[in-house]
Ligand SMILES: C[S@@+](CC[C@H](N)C(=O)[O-])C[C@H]1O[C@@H](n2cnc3c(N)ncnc32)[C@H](O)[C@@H]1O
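The data below hold one chain only, encoded as structure tokens and taken in the form predicted alone.
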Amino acid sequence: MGNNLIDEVKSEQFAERMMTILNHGALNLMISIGYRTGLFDVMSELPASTSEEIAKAAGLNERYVREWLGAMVTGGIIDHYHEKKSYSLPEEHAVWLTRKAVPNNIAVTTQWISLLGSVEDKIVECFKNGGGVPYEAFKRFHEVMSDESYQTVIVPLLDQTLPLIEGIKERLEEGINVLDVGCGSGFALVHMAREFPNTRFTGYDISEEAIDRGTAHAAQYGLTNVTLIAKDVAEFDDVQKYDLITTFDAIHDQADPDRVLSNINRALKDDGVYLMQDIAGSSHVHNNMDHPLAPLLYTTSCMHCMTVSLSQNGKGLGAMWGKELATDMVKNAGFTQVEIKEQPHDPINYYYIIRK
């Protein structure tokens, strides 16, 4: 198409959008730093303060804090009073940026961009040559995943997520057997184990680092009803053993998700329940046009979920495998009842209530 046929207005609008994208991408990095250094938490407790006062309160270097404040002010995150050379974090912004804001702290999620960016060179090579990037290439993965999971899994687990399964809290109080497949650092299991001492909790995850971290966490509370085991979840062969099995954003990452789902079906008692929390979305891109986080989820999928699976010669489902494919795969694994629920606190996930 020749340049004389270009819609100049459309072109200029796109150029403006690109400028916005560049600024927002930069702000994402600065917001992540604000979260990691505790600057948002500190500023939420301070009156309007100078960069020196903010740096001192946070125990940070003033020159770096001052430059960070420049990005935050020009990005509309923090207010600036130039006469007094002071800065303040509006309360309306703090409710989305501080650790006190859990489960609504969006600053937690900004960490993913720098984490994904750290493997960009490797992903570019995969575009050219295929293959994938393994878990161990993502240096802060378990730390960031724990932060994210605390919001989307741990905080709402007892009062919002478990009640999606009628009667399950009463059964947990009486005492049942629970398995978390792909448990990561096991924080969800520890959280439940403290609340339901009569129930026995088991977690499987392929990462020994994550299992060691979770075991140490359970030991801090002196728990004797939690067992975390380093295991490839495509290989476990428990039979009719568990009353409740959970997976929290774990299935789409698997190299062999069909086999994992079949293993879960075999391990679940006939009257048991399988709770699968996984990414909200459709298997068809045209159905995701109105998804508020679709670009982020596809990016995370391309640069983590999909590539990790492909690095193991796996299926490479990706985070946006979608409810249509997920439902088909669950039924192919031998389950007959699949109910999909949503929760207002969590725009990222669906909650599948699955039975034999």
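Each residue number is its position in the shown sequence, starting from 1. What you see is a predicted model; the values in this text were computed from it and never measured.
There is another form of the same protein, the form predicted together with this ligand; it is not shown, and what comes next is about it.
Scanning Val108, Ala267, Val233, Ile78 against this ligand in the predicted complex with a 4.5 Å heavy atom cut-off leaves one residue, Val233. Between this ligand and the residues Gly132, Gly272, Gly182, Gly281, the one pair within 4.5 Å by heavy atoms in the predicted complex involves Gly182.
Screening 118-126, 98-106, 282-290, 250-258 for residues having heavy atoms within 4.5 Å of this ligand in the predicted complex returns a single hit, 250-258. In the predicted complex, this ligand sits within 4.5 Å of a heavy atom of Ser149. This ligand is not drawn, but in the predicted complex it has a heavy atom within 4.5 Å of His142.
Contact between Ser88 and this ligand in the predicted complex is not found at the 4.5 Å heavy atom cutoff. This ligand is not shown here, and in the predicted complex it never comes within 4.5 Å of any heavy atom of Val226. Applying a 4.5 Å heavy atom cutoff to this ligand in the predicted complex picks out Ile206, Ser207, Lys231 from 206-231, in order along the sequence.
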